[in-house]
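Take a look at this single chain in structure tokens; it is the form predicted on its own.
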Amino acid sequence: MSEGPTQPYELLDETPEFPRLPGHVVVSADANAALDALGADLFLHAKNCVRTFGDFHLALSGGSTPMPLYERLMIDPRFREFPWRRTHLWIVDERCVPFDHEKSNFRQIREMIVEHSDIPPSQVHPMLADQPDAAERYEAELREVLGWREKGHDRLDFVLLGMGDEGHTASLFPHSIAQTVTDHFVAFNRGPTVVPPDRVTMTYPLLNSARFIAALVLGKKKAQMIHRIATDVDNASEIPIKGIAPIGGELRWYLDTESARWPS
């Protein structure tokens, strides 16, 4: 499948003053340019996957950082042909709250994307995270829907991740129980290092099986953690995003100059 950016980017490994990270890195002049780069790659992958497989499996994260991207997908003419009718929309992680709660990731994504696109309701897959069997139910749904694909292609096509100031991604927090899960695709996460409320999250085995993982990290508050990741001293228990290592897929970071700059 043909993949790659649609316009020239400044790559980290060609810019010595910026830290080196695992995978491929796109450094943009500012947050808007980073969102443009990510949006272009997402659109390209969606079209390619629909052409190749007939559908596109997209897993999105909540939080404030990706919301401007989701808005662009709805209103920017460049994304008018996004294949929503062929897209399955999954949620990377969710707080254990009902959908009408202000902290629900699905609530944000539903209001921004689902209600303003022509994605079929049957292809929208929220996590019922306030239910006691939420993890088991979501894993069963993933296996059933992805199971329609040919063996070897039964995986997520594109996963969008963010990163917290302390290096967590999805709802995989430092030294948390979900980090140790190796035999399930989805798990509850609780404990002293998990920011309340409790969470349901995709696990490393599912995330690392994805075809493409995009890590969107913006702003100078993230520069110190980006530097720590680049030094390769801490392990994934300390910095959970370091556990993202695709098997047969690609990891691409989308940074702005503020997050990529060496901290002073």
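Numbering starts at 1 and runs along the sequence shown. Keep in mind the model is a prediction, meaning the values are calculated, not measured.
We do not show the form predicted in complex with 6-phosphogluconic acid (6PG), though everything after this point is about it.
With the partner omitted here, the stretch from 134-142, 116-124, 168-176, 78-86 that lies within 4.5 Å of 6-phosphogluconic acid (6PG) by heavy atoms in the model of the complex is 168-176. Although the partner is absent here, Gly63 is a contact residue: one of its heavy atoms lies within 4.5 angstroms of 6-phosphogluconic acid (6PG) in the model of the complex.
Taking the partner from elsewhere, Ala187 is found to have every heavy atom lying beyond 4.5 Å of 6-phosphogluconic acid (6PG) in the model of the complex.
Interface residue remark: Ala129 is not counted as part of the site for 6-phosphogluconic acid (6PG) in the model of the complex, having no heavy atom within 4.5 Å. In the model of the complex, 6-phosphogluconic acid (6PG) sits beyond 4.5 Å of every heavy atom of His57.
The candidate spot formed by Arg95, Met163 and Lys222 lies fully in contact with 6-phosphogluconic acid (6PG) in the model of the complex, as each residue has a heavy atom within 4.5 Å of it.
Residue Arg199 is the only one in 176-203 with at least one heavy atom within 4.5 Å of 6-phosphogluconic acid (6PG) in the model of the complex.
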